[in-house]
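Next up: just one chain, as structure tokens, the form predicted alone.
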């Protein structure tokens, strides 16, 4: 049996007055996947959710669920449900009645309603809370009721608008795994809006990274983290070090000339001679040496060391005063502040990206490192 719950957005545009919120958006959400819409505030991710739900109207474009166009339908006619950040529970109804409300509106029989409500309560692990009022429950418990009320309708798509934001950190981390478990158990499509990178990486099958009303990249968490398509994605998903450089092609490799020295990387993206590029290297991929490494000459000084639980971090100040981050597991040997080091990396760990127009190219000049190296 073919799985239902695919959502397709075609040439979506949305304006609020003169503000162009969504710009020619095209992408498909696969049936049964956990997809996160990730981006900073104001990038348009919640607007997408509201357009799919029918809470906002399109200015242009089309939205489909499977083969059916839904953007012209009233919200109650779309076969999907929404979980809101503020829970939106009926304060005068107990847990059982809150969950059963939507089923009663569909005029289902008492036995069917009772079966579905008990099943939903079991899924969100709230057995024994059936008669509890929302005012008597914690934030996490109320969010579970909100989720149960949505899944009890057995719709193929569930929209989640930053549902964990109001919870404390410990509970948020617990709920991430609960939502993931629930999505796998139900096998339905989850479309999850968040601005929390860790949340998206931990929970998602795929992530759509948004910026300024456009989707910068769609991919698995590993693809997004390890192979960012743009400087914005590289810097927004976790920490990274971005080096601005002029590239010279040397067979399958690139020689990078930077303000801070010279380096090497693999030419996977088909970069041309004398092309300006951004080179992204994650802090855990940075390596340090007491002497220059072949293909690299990036001197620096350890300016600060930071203990952060399971990780230890160091800040390296380069010769052009640029600071980069270096990360290792706690217990690893980190050079003391003031130590002179040379920065390098495995060539396959550098992600090369086209520049985004904000680099002052004339500033990328090779620095005289002779005094430093001597």
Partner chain sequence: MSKKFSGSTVLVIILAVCGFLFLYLPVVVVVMYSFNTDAISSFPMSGFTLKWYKAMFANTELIKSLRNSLIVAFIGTGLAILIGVPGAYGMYKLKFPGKKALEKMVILPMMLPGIITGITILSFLQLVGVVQGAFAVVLGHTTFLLGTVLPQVYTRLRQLDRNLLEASQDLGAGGAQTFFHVILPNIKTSVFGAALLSITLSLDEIPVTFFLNGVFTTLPIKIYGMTRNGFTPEINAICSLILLASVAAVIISNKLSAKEAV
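Note that this is a predicted model, so its numbers are computed, not measured. Numbering follows the first chain given and starts at 1.
Not pictured, yet referred to below: the form predicted together with the partner chain.
The three residues 322, 324 and 337 each lack any heavy atom within 4.5 Å of the partner chain in the model of the complex. Although the partner is absent here, residue 187 lies well away from the partner chain in the model of the complex, with no heavy atom inside 4.5 Å. In the model of the complex, residue 53 approaches the partner chain with a heavy atom inside 4.5 Å. Although the partner is absent here, residue 276 lies well away from the partner chain in the model of the complex, with no heavy atom inside 4.5 Å. Using a 4.5 angstroms limit between non-hydrogen atoms, residue 144 is distant from the partner chain in the model of the complex. Here the chain stands alone, but in the model of the complex its contact with the partner chain, taken as any heavy atom within 4.5 Å, falls in 80-88 among 285-293, 80-88, 227-235, 124-132. Only one of 72, 110, 170, 92 comes within 4.5 Å of the partner chain in the model of the complex through a heavy atom, and that residue is 92. Taking a 4.5 Å heavy atom cutoff to the partner chain in the model of the complex, the contact residue among 213, 221, 102, 299 is 102.
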